[in-house]
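Just the one chain here, the form predicted on its own, laid out as structure tokens.
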């Protein structure tokens, strides 16, 4: 580490990076030379494991705890990151939750918590990061984790799908606002990716087989499948990609047969 060195000298903040897709993204960016801030809400052990894995491979990373739904904690997160690394080039808004809940059992607390973490967290982090990038005057990258759920419904995700559609829309609007500063804003829309957020759901082998068969690639996605796309969007190769959303689903969305 680094492998390509394309992010050498750059600093990335990855929210919700202690496990799953966030972990894979943090490892990938570090592998390509970025110094990485591994954000987590309250999973210090997992976050430190990510940091150690990066350092063991010759990279540079720190873990910072912050609940992205809390504006004050988000402000402190970026203050600490800036104090430690003196700059910021890449933000990956990955933090998100999706407790599967029946519509008729949905409580106000659950509804608000999902909105707060997923959509409000993306807003808070994007605003903090973009201010830093603007003041640096060297451009930047903001990449947010939307979902195939921004395009389709989910019977147990009625609280979740609106947040992912909102994230996609937010990136489109910010692409207009921040483009003049050289800051690109894009979203990634994962399909069915096997992570901790849905692992219990897929402990049923019949469900796993059923969902896998719906995907033309014949399998659920892996966090690394998403990390590679994020790395592309963060790179100079994507310098003119702005306001885009990239669906990474193995062909699930187009398979209507």
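This is a predicted model, so every value here is computed, not measured. Numbering follows the first chain given and starts at 1.
Not on display, but discussed next: the form predicted together with a small molecule.
**Student:** Looking at 65, 198, 49, 212 here, can you tell me which has any non-hydrogen atom within 4.5 angstroms of the small molecule in the predicted complex?
**Tutor:** Residue within 4.5 Å of the partner: 198.
**Student:** What is the one choice in 149, 73, 169, 127 with a heavy atom within 4.5 Å of the small molecule in the predicted complex?
**Tutor:** The residue from 149, 73, 169, 127 that makes the contact is 149.
**Student:** Thinking of the small molecule in the predicted complex, which stretch from 157-165, 136-144, 75-83, 116-124 has heavy atoms inside 4.5 Å of it?
**Tutor:** Result for this chain: 157-165.
**Student:** Is residue 221 part of the interface with the small molecule in the predicted complex - any heavy atom within 4.5 Å?
**Tutor:** So residue 221 does not count as contacting the small molecule.
**Student:** Given that the small molecule is not shown alongside this chain, does residue 41 nevertheless sit within 4.5 Å of it in the predicted complex, heavy atom to heavy atom?
**Tutor:** No.
**Student:** Indicate whether the small molecule has at least one heavy atom within 4.5 Å of a heavy atom of residue 178 in the predicted complex.
**Tutor:** Residue-level check for residue 178: no, no contact with the small molecule.
**Student:** May I ask you to check whether residue 202 falls inside a 4.5 Å heavy atom distance of the small molecule in the predicted complex?
**Tutor:** Heavy-atom contact with the small molecule at 4.5 Å: present for residue 202.
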